[in-house]
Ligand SMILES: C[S@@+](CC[C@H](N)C(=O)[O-])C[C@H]1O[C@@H](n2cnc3c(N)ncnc32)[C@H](O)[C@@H]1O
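As structure tokens, one chain now follows by itself in the form predicted alone.
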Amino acid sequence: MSLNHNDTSIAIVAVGPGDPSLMTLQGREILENADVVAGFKTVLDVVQPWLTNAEACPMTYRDQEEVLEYVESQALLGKKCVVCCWGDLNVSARELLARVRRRAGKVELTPGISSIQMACARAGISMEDAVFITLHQRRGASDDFASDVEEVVHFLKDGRRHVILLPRPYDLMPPGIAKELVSAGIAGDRPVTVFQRLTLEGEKRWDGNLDECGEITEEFSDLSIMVIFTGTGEGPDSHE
């Protein structure tokens, strides 16, 4: 069977933060019935137990266009095709979603659990009391770090919500961000927690304040999340 582009369908399944037990039942069912499943190798490693009947197509940033073209060709043949992404597809998979949408008439989205949700659970805060900001834009390194944290400074000065922040690997990580925030006028004693590799082997948690964070010299994982508290009596010690 061969289809027209407008009639083809590709599913995008978000696999969660990395612990296979946090994969949704709907996502598992889609993978178990798939003919072709594409994704970055680390993502496919998570879903491997459910790829019982599917051809696995690992991809990298360099060859993702070629791999997705192959997925499109298989969808045109009427095969059930799936592209997997980390976490929840509504958090940081915008570029991948755009690439898939160019290749199918219909894109079916299956959300997953995000590391942002896990950070809230670990920190004991509600998402309605927080604002999420990502510095994950893929671009060249810049020395103008102040402009990158401008939005963070705005919400911290506003003081009504905690800030959940995804640092920019690898040139704007938690210590550098902490220093920029203090330089911008945020109090150095503002409580902050940094989570690394949430739900994965080697998960770590660091609690302290911005001044202390800025002095850290050890290397952080690129899978890091900062939670910067409002400074109104909230902080890591409040949620133990």
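Because the structure is a prediction, the values reported are computed rather than measured. Start at 1 with the first residue shown and count on from there.
As for the form predicted in complex with the ligand, it is not shown, yet the points below apply to it.
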Answer yes or no: in the predicted bound form, does the ligand come within 4.5 Å of a heavy atom in every one of R122, D207 and F229?
-> no
If you check I30, L200, I186, V46 against the ligand in the predicted bound form, which one has a heavy atom within 4.5 Å?
-> L200
Please pick, from L76, L166, V153, M127, the one residue with any non-hydrogen atom lying within 4.5 angstroms of the ligand in the predicted bound form.
-> L166
Report yes if any heavy atom of T110 sits within 4.5 Å of a heavy atom of the ligand in the predicted bound form; otherwise report no.
-> no
Counting only non-hydrogen atoms and a 4.5 angstroms cut-off, does R102 reach the ligand in the predicted bound form?
-> no
Exercise: V13 in contact with the ligand in the predicted bound form, heavy atom 4.5 Å = no
4.5 Å heavy atom contact, K106 to the ligand in the predicted bound form | no
Interface stretch in the predicted bound form with the ligand - options 66-74, 167-175, 51-59, 31-39, non-hydrogen atom within 4.5 Å = 167-175
Going by heavy atoms, what in 72-88 lies within 4.5 angstroms of the ligand in the predicted bound form?
-> W86, G87, D88
